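Consider the single chain below, provided in structure tokens and representing the form predicted on its own.
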């Protein structure tokens, strides 16, 4: 999936619109897709003829309910950049084809693929970017893009913007857009949760208890290890997985359920990184390490390798995002039954902490066709497209909705229950400075293999925080 530099969260209403789910990364997103599909960067969306459904077949600038017909036609070229990772590209192919069909005088160019962010980086740096961008995958960081002046300020536009059905977009979002110094530049399209996975079938066969808190996790991990299975594996090449699914929830739990500590960390406040909550959370990683629960192969492998070992029942638990089953759909053994909980680092009696990840969409500040870009935003945030996203990507949309009666997999419905439960602490979206984020990832890797202790983690990271905060 992706470079989930949005380790954070989902707003209270969370998760899932109509959908059937799937990530990474990781934002995500989600994790880097080492075996991803071919780059279709030059494909014209019009070549992907797809039947539009009734609610998306109107001109993107108008509405279906009481729509007027005097909306100017969209013309010219319109470029859409999207990263292809664990969510695949079926939805992007479909939605772009739908939008093209609704706007036949527009020339839509699809720029997509697993390496599209890297390929288009010179264009962004040179001030000649595509009009519309899906911010997911490596090489893209929303905060950095805002700081570099690459994204259009949507603050005034989004206040009253309506989708193609006439619904106010902000009212439909499960998670509201993140603000940067009080301004909005990007809107969450995907809503996903980090968490801990296991194989329910294996646990039932072995009589292992599914954990609901950290002590239960340690207790069952002792039994798992004694049975000859390694309890825990993570993605050492992409440590944002273990940070997002294990460390950050642990920090919030250790801070009495208050996620403001993470917000202070994102604001580069040194004292937040030096807090007892951070030290306590890091201590839980040390506990896993010292008990021999962490697979020694973790440090050197990527997401797909760690996921394969998990699917082969070589490792009982894996920190990951809800995109995992979709990303590995071709490799899931028969009878494998995904268990999921947003966090296992809380103490007995504490609330579960859901650290959600989002992938957002935005308009380039230097976009050449901003009319088409705004219309495309109105188009993608419809209930019909939210449903199509869920069905085609296997991931939850950021449009509010009830999926209990949907065809979503059981683990997705489990996730939805957690995320809509008032006893779950749901962290709002938080984005760290890119350099600080990298420092935390590297420090966590070093901590898992005993190169440093929690104090060393804090020093490594705060040294970088002090530099970027100047």
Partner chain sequence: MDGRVRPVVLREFYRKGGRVMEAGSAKWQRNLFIASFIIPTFVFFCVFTIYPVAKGLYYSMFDWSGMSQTKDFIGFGNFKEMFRDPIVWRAIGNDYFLVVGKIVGIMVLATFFAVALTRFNFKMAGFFRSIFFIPNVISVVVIGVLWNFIYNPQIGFLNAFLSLFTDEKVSITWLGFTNHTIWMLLPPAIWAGIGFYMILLIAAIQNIPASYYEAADLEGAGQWTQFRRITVPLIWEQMKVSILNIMMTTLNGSFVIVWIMTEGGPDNSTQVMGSYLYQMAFRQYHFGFGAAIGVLILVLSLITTVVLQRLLRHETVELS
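The term rigid core refers to the maximal set of C-alpha atoms that superpose within 1.5 Å between the two forms. Keep in mind the model is a prediction, meaning the values are calculated, not measured. Positions refer to the first chain, counted from 1.
This next part talks about the form predicted together with its partner chain, which is not shown.
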*Taking the shortest heavy atom distance, is residue 191 within 4.5 Å of its partner chain in the predicted complex?*
no
_Taking any heavy atom pair closer than or equal to 4.5 Å as contact, tell me whether residue 442 reaches its partner chain in the predicted complex._
yes
_Is residue 204 part of the interface with its partner chain in the predicted complex - any heavy atom within 4.5 Å?_
no
*Quick one: is residue 140 in contact with its partner chain in the predicted complex, heavy atoms, 4.5 Å cut-off?*
yes
*Go through 309 to 317, 248 to 256, 171 to 179, 99 to 107 and give me the stretch that gets within 4.5 Å of its partner chain in the predicted complex, heavy atoms only.*
309 to 317
*Though its partner chain is not shown, can you say which of 82, 238, 389, 381 has a heavy atom within 4.5 Å of it in the predicted complex?*
238
*asked:* Within 4.5 Å, heavy atoms only, which of 267, 299, 286, 161 is in contact with its partner chain in the predicted complex?
replied: 299
*Across 140 to 156, which residues bring a heavy atom to within 4.5 Å of its partner chain in the predicted complex?*
140, 141, 144, 145, 148, 150
_residue 300: Cα shift of 2 Å or greater between the shown form and the other one (core-aligned)_ = no
*For residue 127, state whether the C-alpha moves by 2 Å or more between the shown form and the other one after rigid core superposition.*
yes
